[in-house]
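Only one chain is given next, in structure tokens, and it is the form predicted on its own.
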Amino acid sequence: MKKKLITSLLGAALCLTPHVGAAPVKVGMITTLSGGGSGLGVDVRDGFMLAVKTANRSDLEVIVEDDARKPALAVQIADKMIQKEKVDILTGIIWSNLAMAVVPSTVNQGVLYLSPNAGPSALAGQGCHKNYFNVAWQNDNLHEAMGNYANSADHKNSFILAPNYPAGKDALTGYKRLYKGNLAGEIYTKLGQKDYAAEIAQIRASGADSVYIFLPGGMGIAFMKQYSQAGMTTPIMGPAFSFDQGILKAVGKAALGVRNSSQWNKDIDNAANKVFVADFEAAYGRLPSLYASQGYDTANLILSAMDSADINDQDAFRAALKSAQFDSVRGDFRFGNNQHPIQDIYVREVVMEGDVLTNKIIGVGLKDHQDAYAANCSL
């Protein structure tokens, strides 16, 4: 169901002065709000809308629609938003296969796309575009950090697995890029798979000293529960997508001690992050996730660009976006030449705080890191 959310001008704290005479901005958010993986889309939406509501802007309109994780539906919604709704900016897509279906056509029609999540390699190198910005990461990045961590943890024989879709392939490519050990096995599973008995049997028989998984959403929940039930003790590693706040609640104590990588965590010590975590929990009654932080940063990036440029002057607006003059919840934030972040990526550990499973930062996996594809981008 479509929802139109128009902010009101109430002069709240944190509201920035609108650019005098600038045209209003219309944003179309296409994200996953039903079916498998809906929790990820809900968090991106909620983080984005928290920033918009906090700013109390009358010159920003946001239209939200559910793609139900279906590429054809995402394309249909994008076409409608561009042709009928006349949006200036699209955002919101969680899954890389949906991004690949929507983004190239969007940016070639002169519409800006700001990704709060999916970062396929095809859009970071030769396929980069002046109208495409990624506010989260390039898909490989968090996996590269864990490959690097595996070396320091003296893991020499990792078994790695991910779903068979663009982000899954980027994930294992990223892990292998910096991992120096051997591979006990490498498997690409079905996207949306829920039964991992065969894969767990292969891991058991492989002699692996560690397991690296990229299984976002319900896939990770199913795998971790079955892994624990099978009595497996080989250490698990992964990116935040498989061990973020919403996932941990569903997995339970089977996730305790797991090391995972993220460019954000709730304990990053800066003022913007402290406000975000407190405001999100107050607004929604739950701790924010990685996805919520990415939605929040995406909205604040748009708002910052609106304060220095008119959306109708696309060159100026793109330059305002590229300058990234906003207070990111992750601290230092800047775009590289391909308009993907250059940023620190942390190693986190799943811990129990009171009766709540959560993550704490235990180190830096990669410092001031840029993706491997930027050198192939002509921007």
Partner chain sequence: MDVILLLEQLLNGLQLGIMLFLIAAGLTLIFGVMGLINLAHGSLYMIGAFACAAVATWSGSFWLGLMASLTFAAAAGALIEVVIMRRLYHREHLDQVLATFALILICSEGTRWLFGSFPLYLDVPDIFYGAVNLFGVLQYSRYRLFIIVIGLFTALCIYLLINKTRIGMRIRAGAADRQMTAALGINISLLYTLVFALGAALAGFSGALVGSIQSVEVGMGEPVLILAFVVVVIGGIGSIRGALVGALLVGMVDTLGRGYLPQILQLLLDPVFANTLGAALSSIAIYLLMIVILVFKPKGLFPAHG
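Positions refer to the first chain, counted from 1. Under this definition, the rigid core comprises the largest set of C-alpha atoms superposing within 1.5 Å between the forms. All of these numbers come straight from a predicted model, not from anything done at the bench.
The following text describes the form predicted in complex with the partner chain, which does not appear among the structures shown.
Looking at 197-205, 257-265, 107-115, 94-102, which stretch has residues with any non-hydrogen atom within 4.5 Å of the partner chain in the predicted bound form?
Selected range: 197-205.
Could you tell me which one of Asp79, Glu85, Asp307, Glu186 places a heavy atom within 4.5 Å of the partner chain in the predicted bound form?
Only one option qualifies, and that one is Glu186.
In the predicted bound form, the one of Asn151, Ser228, Asn270, Asn182 near the partner chain [non-hydrogen atom within 4.5 angstroms]:
Going through each option in turn, the one that passes is Ser228.
Does the partner chain, in the predicted bound form, lie within 4.5 angstroms of each residue among Gly168, Gly174 and Ser378, using heavy atoms as the measure?
Checked in the predicted bound form: no contact with the partner chain for any of the three.
If we define contact as a non-hydrogen atom of the residue within 4.5 angstroms of the partner, is Lys130 a contact of the partner chain in the predicted bound form?
No, Lys130 sits far enough from the partner chain in the predicted bound form that none of its heavy atoms falls within 4.5 Å.
Looking at the partner-bound form in the predicted bound form, is Gly252 within 4.5 Å of the partner chain by any heavy atom?
Gly252 belongs to the contact set for the partner chain.
Might Gly35 be said to contact the partner chain in the predicted bound form, defining contact as any heavy atom within 4.5 Å?
Gly35 belongs to the contact set for the partner chain.
Examine Val135 and determine whether its closest non-hydrogen atom to the partner chain in the predicted bound form is within 4.5 angstroms.
No, Val135 is distant from the partner.
Superpose the two forms on their rigid core, then report whether the C-alpha of Leu191 is displaced by 2 angstroms or more between the shown form and the other one.
Leu191 C-alpha, core-superposed: shift of 2 Å or more.
Aligning on the rigid core, do we see the C-alpha of Leu256 shift 2 angstroms or more between the shown form and the other one?
Not so; Leu256 is displaced by less than 2 Å.
With the core lined up, does the C-alpha of Met232 move 2 Å or more between the shown form and the other one?
Comparing forms between the shown form and the other one, the Met232 CA shifts at least 2 Å.
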